[in-house]
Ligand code: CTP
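A single chain, nothing else alongside it, follows as structure tokens in the form predicted alone.
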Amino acid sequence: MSENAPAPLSGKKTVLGVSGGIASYKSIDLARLLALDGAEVQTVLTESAASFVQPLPFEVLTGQTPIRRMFPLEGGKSTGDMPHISLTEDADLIIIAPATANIIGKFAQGVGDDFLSTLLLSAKPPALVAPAMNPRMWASPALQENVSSLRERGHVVMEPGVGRMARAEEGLGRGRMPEPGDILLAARKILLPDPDLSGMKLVVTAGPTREKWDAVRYLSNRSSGKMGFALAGEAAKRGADAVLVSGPAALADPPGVRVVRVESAAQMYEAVKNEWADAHALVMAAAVADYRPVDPSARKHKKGDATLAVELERTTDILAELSIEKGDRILVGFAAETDEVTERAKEKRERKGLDFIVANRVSGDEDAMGADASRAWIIDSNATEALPVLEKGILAGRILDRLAKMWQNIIT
């Protein structure tokens, strides 16, 4: 998505039903993400949910007062409105997050004893259900029958996440509410069935590599991985089957992205080669080490007075190797340069047979490494597009705009 493009869910009306559970606090972030994505969000809180979260954060984030009662009151009297019917007529999607075992049971069995459950009686499929409960409850036959019933009716019931539960003694288990970013992606897939990268398997690399010298030391660089993580996350939002191969980076996995963590250049090469076998495109944003120590030691080198020399050897040039069997697949590289930025990037693009290359300056005031925003040049065989300083999420969108046009030409 470019800087001036409309938000993906602009014009979409969503109802966010929040039932009572410790995971209710995550729904505040989900409301924020939906609103930032352009959706109109009407929150519905059960009385149990209101024991865990207050209405005010939802109202501030969405601009809509959450609904808690079956019939709205004015001056202590009912207005006579029936929003549990009108909401389902107008809504493009109903999302239940968290969905407790109780609300799932009501939804499946047609019980309507509060506003949310009554609203669900007239919900048009697909509603999006994000479960959150104790792992033993999730595994129970009765709950699974209810889930199967909802799925058979055309509703989308997400798999709960695996992680540590609210009660420490319960340890790890499957029952955590899916992360808000994953729920947003699921909502996008329902509301935007034909995003521009749909059907593409895209491999993105990110971060530095570490080349071992001895038991405690290694050669590396300043790459933070922010650009590659932004690219993979944005690609998933646009429908791609996104795989991120990352060197050491202190960043959380992007929602909807399969992440393969590696350390060395050799490990990155093997991981990328494996994913490239059935991929449609590769964006090589990682800062892969060009050299590694010839004879790394399993022991720590002791400090001495003598000058120390370390013999280095070349690592595999991943892009050059993969371009040999490129075919009609899309290859994109990055060039991090301190001077003659565009000239060196053009030479690199031609030498490695890339469809286009993204050039950054990594010195002075425009140093892109580790920054949240950077200036870039997108260079193909025809022209050089100079971009202003952009946040890396927006820059990722501009790069993917170019990739999407190429992909549409391939599949049409």
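Just so it is clear, the structure is predicted and the values come from calculations on it, not from any experiment. In case it trips you up, residue 1 is the first one in the sequence shown, and so on.
Keep in mind that the form predicted in complex with the ligand is missing from the display, and what follows is about it.
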(request) May I ask you to choose, among 95, 286, 119, 235, the residue with a heavy atom within 4.5 Å of the ligand in the model of the complex? (result) 286
(request) Note which of 352, 375, 346, 68 lies within 4.5 Å of the ligand in the model of the complex, where distance is taken over heavy atoms; exactly one does. (result) 352
(request) Using a 4.5 Å heavy atom cut-off, state whether residue 242 contacts the ligand in the model of the complex. (result) no
(message) Since only the chain is shown here, I'm wondering whether residue 101 would be in contact with the ligand in the model of the complex (any heavy atom pair within 4.5 Å).
(response) no
(request) Would you please decide whether residue 150 lies within 4.5 angstroms of the ligand in the model of the complex, comparing each non-hydrogen atom pair? (result) no
(message) Is residue 342 near the ligand? Define near as a heavy atom within 4.5 Å, in the model of the complex.
(response) no
(message) Is it the case in the model of the complex that 330, 385 and 401 each bring at least one heavy atom within 4.5 Å of the ligand?
(response) no
(message) Taking 4.5 angstroms as the heavy atom distance cut-off, pick the stretch from 286-294, 248-256, 131-139, 177-185 that is near the ligand in the model of the complex.
(response) 286-294
(request) Output the sequence-ordered list of residues from 237-272 with at least one heavy atom within 4.5 Å of the ligand in the model of the complex. (result) none
